[in-house]
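As structure tokens, one chain now follows by itself in the form predicted alone.
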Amino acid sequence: MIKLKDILSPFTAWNNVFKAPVTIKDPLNREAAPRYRGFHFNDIEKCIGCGACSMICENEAIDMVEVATVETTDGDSGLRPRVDYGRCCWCALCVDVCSTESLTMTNEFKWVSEDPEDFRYIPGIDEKPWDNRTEGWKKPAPNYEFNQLERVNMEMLGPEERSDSFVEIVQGYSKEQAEKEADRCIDCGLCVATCPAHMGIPEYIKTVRNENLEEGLRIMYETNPLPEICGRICTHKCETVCAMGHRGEPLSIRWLKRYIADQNPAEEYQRILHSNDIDTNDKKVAIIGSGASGLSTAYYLRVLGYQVKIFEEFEAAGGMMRYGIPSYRLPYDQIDKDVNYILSLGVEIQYNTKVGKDITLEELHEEYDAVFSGTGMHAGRSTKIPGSDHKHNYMAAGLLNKITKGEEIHVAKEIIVIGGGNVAMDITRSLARLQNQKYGEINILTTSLESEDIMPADREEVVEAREEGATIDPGWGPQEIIIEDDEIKGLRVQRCTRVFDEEGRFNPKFDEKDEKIFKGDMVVEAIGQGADFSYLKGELKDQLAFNQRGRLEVNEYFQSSIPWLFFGGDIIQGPDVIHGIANGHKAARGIDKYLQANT
């Protein structure tokens, strides 16, 4: 219905009849308004080449191009936007969506040239007279956002609920939460380059928005056959380079991966992933160890049609994922979901078989066309300080193994843990739970050489350990385990003034004048793990090349100097599940290449 004011409003223009006209005496030197939308400028140092500006431009006036002076690094594509003013309509959406606020529009609007190509340039790279202008269009206000800067919180058990329980802490996203979080993705792809497995992250996140989770699962399996596991314990380096993290919180990529895997039931995997299409050939491959790299290699080889058998030392598959990570972080039924699907493809696992003891590497070579070894790092390392040979000084890896198996272990009233990595946090939090169950209180202290700002443990692990009652006191170097009457009484430490020397080598220094004693009657060392190469013997071992740090040397396909023998996982690039998965994928391609060449 037309209102009276709608009819009369055009006549208000007559008010201007009696106003004096404005005359621009020198139109060529006319200054634009301070927030005028003129030609673009880009702060090259702030720009990460995410391409958000290019993707939002409906006129295709912006394309991303390589710039010789910009280096491609983690979190920076090395590309920079080039603007074509034959297409640009000065809408400023490119500025409004810029993830780092590097792109702005100056208030300069005059540009004369006879060459049309001049009007296509790379702001910030191609010098222009307006590069130093401070006025122009910028994002209007801090709360003027196209994307939600804060991530959707993951529901978790509270400290009181979890401090005496091994029930999984993280509860997982609901459908509404996952879709809301997925909406924050700007599809820049910087995460793909940083992920060791180069997963199609933007593509599978898009399936959450499109409610096509079966397609999401298929995309994940192209590069990662352990999505349930990785969706819980991946180190999520991809999130550290997320474009959204420059002004807000990075996308919860790991939890979205978990959401997709959780929503696809195990009994549907065969249908979803078209597993019945495998044609088996006559080549056989043996795999030593069923950790991340071994399972990944097995999966991709089986998909290629090879007959695959895994030889596993323990009674269940998973390696350090099962025997080194507590169930409150990674429930073992979720390991089984990933493993059982790989087994359903025809991969075999022979359990309780230690290569080098129950069967030799030479015997495997005689029966199989190629061998892959992903034996992991199960052996704990010791500080070897005075008192470290006491019966109540333990290695974290061994204790975590026993906790996983449900075996009873010694749990003292006062415990000291040495170490600053995730394994140290895992054993700290596990023993805190056992203390609470046994004594009704928690009295555990964890110390490390590293100060808190450089501790290698994930920040969330440190925060959650403190929430659960553990004391974390970093920056101290262990000097001696104090023993009186054959009982541990504490740990003498000195302030650590440096962990690495000027050349980056591990070479700690201590302040002898700054010393104290941590009280405790049990010590656990979690300063790192070592590999067990006891199965490499005699002539075979002599043929293998090791680097100065004692790691095996392999080529880009993880093939050793013995052509039929491949290595991967923690013993090459670990400890890190996603690296193990990536190693396995590449090793499978290498084994396929080797066997095809020798057919």
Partner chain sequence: MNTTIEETLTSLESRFELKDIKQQRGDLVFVTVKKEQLISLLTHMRDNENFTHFVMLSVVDWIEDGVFQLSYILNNPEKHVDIVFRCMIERENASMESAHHLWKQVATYQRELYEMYGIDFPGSPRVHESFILEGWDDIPPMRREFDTKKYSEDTYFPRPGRESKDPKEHMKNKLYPDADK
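Numbering follows the first chain given and starts at 1. For clarity, every value in this text was computed on a predicted model and none was experimentally measured.
What follows is about the form predicted in complex with its partner chain, which we do not show.
Participant: At 4.5 Å between heavy atoms, only one of the stretches 562-570, 39-47, 64-72, 536-544 reaches its partner chain in the predicted bound form; which one is it?
Facilitator: Selected range: 64-72.
Participant: Out of 218, 237, 87, 128, which one falls within 4.5 Å of its partner chain in the predicted bound form, going by heavy atoms?
Facilitator: Selected option: 87.
Participant: Can you work out which of 193, 483, 154, 379 has a heavy atom no more than 4.5 Å from its partner chain in the predicted bound form?
Facilitator: Checking each option against its partner chain in the predicted bound form, the one that comes within 4.5 Å is 193.
Participant: Though only this chain appears here, would residue 189 touch its partner chain in the predicted bound form if you measure heavy atom gaps against 4.5 Å?
Facilitator: Yes, residue 189 sits close enough to its partner chain in the predicted bound form that at least one of its heavy atoms falls within 4.5 Å.
Participant: Mark residue 367 yes when one of its heavy atoms lies within 4.5 Å of a heavy atom of its partner chain in the predicted bound form, and no otherwise.
Facilitator: Residue-level check for residue 367: no, no contact with its partner chain.
Participant: I'd like to know whether residue 579 contacts its partner chain in the predicted bound form, with contact meaning heavy atoms within 4.5 angstroms.
Facilitator: The answer is no: residue 579 has no heavy atom within 4.5 Å of its partner chain.
Participant: Is residue 203 close enough to touch its partner chain in the predicted bound form, meaning at least one heavy atom pair within 4.5 Å?
Facilitator: Yes.
Participant: In sequence order, which positions of 552-575 have a non-hydrogen atom within 4.5 Å of its partner chain in the predicted bound form?
Facilitator: If the 4.5 Å heavy-atom criterion is applied to its partner chain in the predicted bound form, 552-575 yields 556, 557.
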